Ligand code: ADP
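The chain that follows stands alone, in the form predicted on its own, written as structure tokens.
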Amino acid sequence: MIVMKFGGTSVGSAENIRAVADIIEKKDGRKIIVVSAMAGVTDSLHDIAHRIIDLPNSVIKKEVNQFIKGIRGKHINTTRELIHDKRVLEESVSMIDDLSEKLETVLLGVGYLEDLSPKSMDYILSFGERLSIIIISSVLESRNLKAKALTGHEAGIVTDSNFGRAHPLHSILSRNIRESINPLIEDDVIPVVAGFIAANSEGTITTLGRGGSDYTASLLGRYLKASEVQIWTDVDGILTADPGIVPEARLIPTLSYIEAVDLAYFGAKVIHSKMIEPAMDVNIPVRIKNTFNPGGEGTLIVSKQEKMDHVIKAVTAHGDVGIVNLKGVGMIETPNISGKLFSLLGGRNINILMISGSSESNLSFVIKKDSIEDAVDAISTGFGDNSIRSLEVVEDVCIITVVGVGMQGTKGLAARVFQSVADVDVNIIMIAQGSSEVNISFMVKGGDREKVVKTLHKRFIEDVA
């Protein structure tokens, strides 16, 4: 049994969906399909939800009607282009119409009430995947394959009520997923599961946050004991660098789980770091494949750590971040200031990407840009005792990360990396390295991003025989 996840680009048009259906049809054995919303749909749902709460009541209905007309038309036109079986087509159009009416109702309610809660936002965002599974399952049925569309909750994924970033309740997932999926598999039905969305124990829709569709696939793979989880996307696999920066970037054939987590965490966009853990827990291989080049080998992610000719396998850059610098003599006399800081930020679901400091009188950490305002407010409120004398935010920065298991125990590597950066006249602002020794991360100014990535890639990957 394998789990095959297809992202938004893979299901972004009728032509692409046809290619996806070909891949599914040709794959022998039992399979579970996980799909994202069609490309651009989730963003459009996010935008309309935020836009309508600021509109005058007199124009809300017109704005919503126009949006529903567009999104309904997009999915129905795609369905009609793909499905020629009259019965299947009529059923599909009917289900799309039903979902479109429900979406229209909730958007009107949010607009008139001027109240967009995280709970409402999750419900609105769920429509992208719910519409997508209708199309994919119907296309498979039109090819005489038995298929059934399932939301994440219908597939057995239950979460807490942390809307927007819900966490699976692992204690009940194993039973729920097996009970929901196994009867279908045994009856030769292909489950087509909506990625990204789930529900809490009361059945209220939740979303799994960024990378949620990959996470859905990995969770299903873990609890169904799949032989492999495949992530089908629009690139050949994980590369040694962003090809938009380094045209000479190469495909990495094999990565260990820990390398893949670090690459995803620090900027590789092909997969999300949190999807690795469920597969890693039960040692399930994860394979990254290209929907538009299905014959390619892709990148295989496994537990075994294989060294390559070059000690550094990849260089990544993560630019959507900022540094928060805390200074103050009073910090020295404040017990457990780091613990208090982590608690304050954790309470607001703010994730610290990097942290550094010579002492508790000087502490710096890196977070995503969209969390900076909330973080500053949390710190200002939480440390009202003046223990922090200075709070500085630096936004024009970028995290550069080099990753590779060959880095473990390689003497002088960090010095060579930093010297390479200095040789192109770039200053390093902040440094961090994990105990695993498979990555080194450091901060540079945003404008130096491309120069540094190109330099490190050439010296440690391209120029290595």
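The numbering used is simple: start at 1 and walk along the sequence shown. Just so we're clear, the structure is a prediction, and the values are computed from it rather than from any experiment.
Another form, the form predicted in complex with this ligand, is not on view; read the next lines as being about it.
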>> Does any part of S138 reach within 4.5 Å of this ligand in the model of the complex? Heavy atoms only, please.
In response: no
>> Would you classify T78 as touching this ligand in the model of the complex, given a 4.5 Å non-hydrogen atom cut-off?
In response: no
> With the partner left out of view, is W232 within 4.5 angstroms of this ligand in the model of the complex by any non-hydrogen atom?
Replying inline: yes
> With a 4.5 Å heavy atom cut-off, would you call P243 a contact of this ligand in the model of the complex?
Replying inline: yes
> Given that this ligand is left out here, which of A226, I312, A268, I276 has a heavy atom within 4.5 Å of it in the model of the complex?
Replying inline: A268
>> Counting any non-hydrogen atom inside 4.5 Å, which residue from L239, I83, M354, V394 sits next to this ligand in the model of the complex?
In response: L239
>> I need the one stretch from 453 to 461, 21 to 29, 8 to 16, 437 to 445 whose residues put non-hydrogen atoms within 4.5 angstroms of this ligand in the model of the complex.
In response: 8 to 16
